[in-house]
Each structure stands twice: as C-alpha cells, then as structure tokens.
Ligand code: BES
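Before any questions on how it binds or moves, here is one chain, the form predicted alone, in structure tokens.
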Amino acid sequence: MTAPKLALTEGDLSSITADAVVVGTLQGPDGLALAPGAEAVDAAFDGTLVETLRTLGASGKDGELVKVPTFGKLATPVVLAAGLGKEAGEEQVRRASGVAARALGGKKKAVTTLASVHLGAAVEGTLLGAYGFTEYKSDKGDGPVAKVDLHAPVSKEARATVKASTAIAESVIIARDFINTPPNDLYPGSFADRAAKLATDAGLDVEVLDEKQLRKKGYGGILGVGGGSARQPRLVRIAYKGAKATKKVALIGKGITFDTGGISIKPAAGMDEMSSDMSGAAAIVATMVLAAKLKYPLEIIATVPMAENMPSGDAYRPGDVLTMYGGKTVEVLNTDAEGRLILADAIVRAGEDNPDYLIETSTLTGAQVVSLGKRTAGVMGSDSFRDRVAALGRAVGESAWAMPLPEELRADLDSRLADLANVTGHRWGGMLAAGIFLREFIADGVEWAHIDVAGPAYHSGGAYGYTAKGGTGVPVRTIAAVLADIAANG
C-alpha cells in the first residue's frame, strides 16, 4: 500500500485547495470547543463553526468525526471535525489524525490543522490511520488519501520532526505488513530472507543461520521448537553501529511464524490469529531499519529467532529435555510454551555481545491478555529499566504496565530431570513465570526488559484511532522511544 505524501504548509487556510480540511474538536468545560489551529476555518464560518457542529450532534469526544460542508466559504468543500476528547494531548492528536485519515480514503488531497497542535503526533496518526493491507485482495479499494498538507509553522525543527515521525510510522507499517502476511508466504526461511533484504538495503550488517548452522552451534531451543515443521528454523542477526556510540543495546523478538501449539495442540477456534505469533520479531526487524534511518548514537544488535511450531513425527514432545544454546537444559512440559524456548537461545547469544541493555518483545503468554487486556503490554525485567520502558511506552501512546517477577514462582519452574521446566504446571501468574524463565538466561549485569504484547500486537476488532484490524506494530514506537532515551541519557 502506498502511504500519503506529507508536506508542511503555513499558507492561508481559506485559499488552500483540497478535498477536505481537518480540524480538532474538544469536550470543553462549557461543551463543544475548537482545538487550536482551527481559528481561520472558524473565521471563514463567521465564528459559527461550533454552533454548526453542535447542530449536527458533535460533542468533541474521542473517536468522533463530523463532516460539515463549507458552501464556498473555503477553497475546500468540506470540513472534517475530529474529536480529541477532553484534552489536546499528543496521543489524542494521534488518534484523531488516524480517524480523519481513514475517512479521507480515496481523496487526492487534504489539509490538517491538527499538525499545529502536535506535529509529530499528526504525522504518525495520519500515516498509520491511512494504513490498509490489500496485498491479497482482488479489489484494492480506493486506497489512502494521496497527499496531506500539515498546516503548521515551517522551520528547520518542524521539518526534522516530520522526517523523524515519518520514519517511525514507516517502521510501524513494516511491522504491520510482516504480521498481516499469511503464514503460507511468511515462514522462517522467507521471513529471514525478507528481513535480511530490508536490513541490507538499510546499510546494516546481516547474518542468517539455517538449520545446519543452528545444529552445529547448539541452538537446542530453536531446533526443538522448529523441528516439527518442513519449513526449518532460522536465526537472523542484524547489527547497527552509529557514530560516537556510547552504549550497546541488544534487541530480541519472538518469530514464531505460525503456532499450532505443537503436540500440545491449540483449540481450532482462533488459531488463524497465530500467524501473528511473530509480531515481536517483526517489531525488532522494523526497529533496526528505523535505527539506520534515525542514526542513533548507539550500537544495536538484533537477534531474531524464527520457527514454525507444528505437530509431526519430527516434533518435540512433552517430556523431552532440550539443551539450550549455552548449555542449560530445559524439560518441556508443554510444547505450546515454545516462545520462551527460542527466546532463551537468542538471549544467551545476545549476552555474548556484552550489551549494556537488552530489550526483548514477544507475543509470549495468553496470561498477559487475562491480566492486562488486549491493549496493554506487560513489562518485566530489571526494576528500574522495566519502569523506564513502561513509562516511555505510555508516553508514546502504547499502553504498558510494569509487572513483578515474584521469587516464589521460580521454584515452580524446577524440573525433576533438567535445570528447569518450560512451564510451572499451574495457571497462576503465567505471564510472570514466563518472565522468570527468561531471566534465567540473561547475562549478569545487563539491564533488561521483556515486553509481552500477546494482546496489543494484534487487533481483531474494528478500526479505531490510528489502529486498523490486524497487526498493530506494537511495540515499535515504545522501543524507538527507549533507544532515543538511552542515546540522550545513557
């Protein structure tokens, strides 16, 4: 899908020719109010725009969109009033811009005054709201609006904001495209090839290990999980080093391209959504492309394990003991707890690079959805870094909540045969137990965070804000914010 072209403009709104002009509305203390930036549009209506919108039932609530014909008062035929809710904050602008962009599908040009409220959020919301995945449809539909003028003061800083926010949105779209690609086309080999091409085109160093190399190097977790599929596993390593890099960051993402549950097979209902079980890997690959674009003064190395979890005569079984990369042994009690096994191998390999920080993300546990719902990620890890990641995620509009790693759950991962088991054997604290399992493989002295996005990575309902049905690209923007914060503050 082609994305809208964006351009800054500070021209007279009354004379800008477009198919629509977007303004923001608020739920003010005295009722409906216009957001900043809409003054010229209101003046064209002789100060009656609010009254007109009220007549049409507008309230300014989040997600609302009301259309008003201009009757020649402006060079645009219609005003789109996008509700911000009770405040014109960054996330509110992002959501309202997404709603407006979706409504503008098929149009040639629009101009948005939301850019004057928060420029970066308007850019991200517009590009992400316009997103659609039509690769497999015969009828591609109207497509997104072709061009959007961002009505805001033009300056060097503004241009830099547009460039950076566009890069972030484009990386989210890369992740969404990966997630939305069906598993007959996106499997470990093809995923690795696509990731390698993206990274190479971005000027990054890439290494791809196939099943023979994985076996030679002892990646028992990845081989165990991927052994049941005719499509054998891969491990992708992508490296970036910015100028004057002062910190090293390891990034890891779970790349299960389809998850049947293996021998511990899942119920049929909803299994089609398990094509999104590689959302963590998609986010990490996309973030590496973003790092190359934004040129963070960091060294960043991604380690991305990819496998398909299938039942067959070659599949690993409950009761098997796997020897992980690095030598630890794990008793498999449930083959549907496969993500932590491939991640353990990747975490140990990443630790050999001696990073200062390690960020891992995965659609790891159904327990995350039970605990926090479909839109809030659970963040575990080193206390201070965990809190930092969760706070930065919330700041960019990707809801995240810090979760503990209770020590009493560690004993429940003890195995009668191996160093540890891959599940506790009970349902209590499943998200936390998975975090504790991963902690067993973290190198000493590394500040780390695990972001469980089992719910937030995939949206199965109707579109809202800047989020379409399907892959969301969460947590690309969170990780980008964390990298920027590390670059600025260490």
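Residue numbers here begin at 1 and follow the sequence given. Source: prediction; values computed, not measured.
Beyond what is shown, the protein has a form predicted together with the named molecule; the following relates to that form.
- Proximity to the named molecule in the predicted bound form, defined as a heavy atom within 4.5 Å, holds among 165, 365, 376, 232 only for 365.
- Scanning 345, 259, 360, 124 against the named molecule in the predicted bound form with a 4.5 Å heavy atom cut-off leaves one residue, 259.
- Here the marked residues 277, 340 and 454 all reach the named molecule in the predicted bound form, each with a heavy atom within 4.5 angstroms.
- Only one of 234-242, 269-277, 107-115, 82-90 lies within 4.5 Å of the named molecule in the predicted bound form by heavy atoms, and it is 269-277.
- Proximity of residue 336 to the named molecule in the predicted bound form: non-hydrogen atoms within 4.5 Å are present.
- Heavy atoms of residue 53 never reach within 4.5 Å of the named molecule in the predicted bound form, leaving it off the interface.
- A residue is said to contact a partner when one of its heavy atoms sits within 4.5 Å of a partner heavy atom; residue 176 fails this definition for the named molecule in the predicted bound form, lying far away.
- Residue 26 falls outside the set of residues with a heavy atom inside 4.5 Å of the named molecule in the predicted bound form.
- Shown here without the named molecule, the chain has only 423 in 404-441 lying with a heavy atom within 4.5 Å of that partner in the predicted bound form.
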